[in-house]
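Let's start with one chain on its own, the form predicted alone, as structure tokens.
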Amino acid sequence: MSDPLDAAEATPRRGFLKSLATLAIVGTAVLSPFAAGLAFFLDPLLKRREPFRGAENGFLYVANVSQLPASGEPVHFALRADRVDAWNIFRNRTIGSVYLRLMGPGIVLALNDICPHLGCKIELKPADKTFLCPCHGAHFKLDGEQITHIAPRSMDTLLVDVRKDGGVWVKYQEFEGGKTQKVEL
């Protein structure tokens, strides 16, 4: 025989447990997709990635050392890679361009072709064996050293890795113009 007083006390507890179970089920059903969507949205921002796809520790393949003249004449190369930002991939884009110069067996000099004055593209003048910035007339030697002091510094050199197979890999970087020291962008 059950006690009517016990049944009256049990009913609110059952109701509370039903409410708690309902809240847990509805909360799980609503919050799970929201949490998954939030994680998907924030994923690119939380992961640190290479700015270029195809780069190895920031180094991009440019050319083979056999493509550089032994005379030391600079050769202009465009760097192409997949540019990656937080949510987008832009395939096969020109990232920048560099001049490569063979300085000796297995020694390659890489110069960024952006003028450190105001950011114009520097041109090679083979007849003069110099580089010239067409915007303001800054002249540089073939090793990138300033001839005129229009630009605040010499041409920006880049890190080069010449691999065993002869591949020349360059760590492409851009620097702020108008400053006497290299400040990476």
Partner chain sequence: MINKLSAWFDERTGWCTAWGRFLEYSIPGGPRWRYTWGAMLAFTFFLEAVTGLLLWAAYSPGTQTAWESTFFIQHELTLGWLIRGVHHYAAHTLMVLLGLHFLQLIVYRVYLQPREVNFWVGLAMLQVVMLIFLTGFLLPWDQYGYHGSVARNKILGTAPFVGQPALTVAQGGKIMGNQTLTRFFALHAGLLPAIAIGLLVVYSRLVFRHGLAVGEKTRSEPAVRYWPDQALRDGLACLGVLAIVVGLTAWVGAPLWGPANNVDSFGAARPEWEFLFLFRFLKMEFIQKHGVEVGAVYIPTLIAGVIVLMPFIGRSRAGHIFNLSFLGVLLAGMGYLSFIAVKEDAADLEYQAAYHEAEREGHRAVELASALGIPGGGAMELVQHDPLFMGPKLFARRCANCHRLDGKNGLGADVWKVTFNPDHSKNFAVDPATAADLGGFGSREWMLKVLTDYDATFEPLKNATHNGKNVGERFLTGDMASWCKDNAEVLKQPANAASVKALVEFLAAQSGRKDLQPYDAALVAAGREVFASATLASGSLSSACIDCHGMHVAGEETALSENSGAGAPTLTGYGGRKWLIDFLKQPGHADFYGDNNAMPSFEQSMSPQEIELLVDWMLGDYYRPEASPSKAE
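Numbering follows the first chain given and starts at 1. Basically, rigid core = biggest C-alpha set you can superpose within 1.5 Å across the two forms. What you see is a predicted model; the values in this text were computed from it and never measured.
Just so it is clear, the following notes concern the form predicted together with the partner chain, a form of the same protein that is not shown.
- Might residue 56 be said to contact the partner chain in the model of the complex, defining contact as any heavy atom within 4.5 Å? Outside the cut-off, so no.
- May I ask you to state whether residue 143 is within 4.5 Å of the partner chain in the model of the complex, using heavy atom distances? No, residue 143 stays farther than 4.5 Å from the partner chain in the model of the complex.
- Task: Evaluate residue 32 for contact with the partner chain in the model of the complex, applying a 4.5 angstroms cut-off between non-hydrogen atoms, and reply yes or no.
- Result: No - in the model of the complex, heavy atoms of residue 32 and the partner chain never come within 4.5 Å of each other.
- Message: Taking the partner chain as it sits in the model of the complex, is residue 179 in contact with it (heavy atom to heavy atom, 4.5 Å or less)?
- Response: So residue 179 counts as contacting the partner chain.
- What is the one choice in 26, 159, 45, 36 with a heavy atom within 4.5 Å of the partner chain in the model of the complex? Spelling it out, the residue with a heavy atom inside the cut-off is 45.
- Residues of 121-135 having any heavy atom within 4.5 Å of the partner chain in the model of the complex, listed in sequence order: Heavy-atom contacts within 4.5 Å come from 121, 123, 125, 127, 128, 130, 132, 134, 135.
- Message: After core superposition, I'd like to know whether residue 108 moves between the shown form and the other one (criterion: C-alpha shift of 2 angstroms or more).
- Response: Residue 108: C-alpha displaced by less than 2 Å between the shown form and the other one.
- Query: residue 83: CA shift of at least 2 Å between the shown form and the other one after core fit?
  - Reply: Yes, the C-alpha position differs by at least 2 Å between the shown form and the other one.
- Explain in one word, closer or farther, how the Cα atoms of residue 85 and residue 121 are placed in the model of the complex relative to this form, where the distance changes by 3 Å or more. Distance between the C-alphas of residue 85 and residue 121: shorter in the model of the complex, by 3 Å or more.
- Task: Answer with closer or farther for the CA-CA spacing of residue 42 and residue 91 in the model of the complex compared to the shown form; it moves by 3 Å or more.
- Result: Farther: residue 42 and residue 91 separate by 3 Å or more in the model of the complex.
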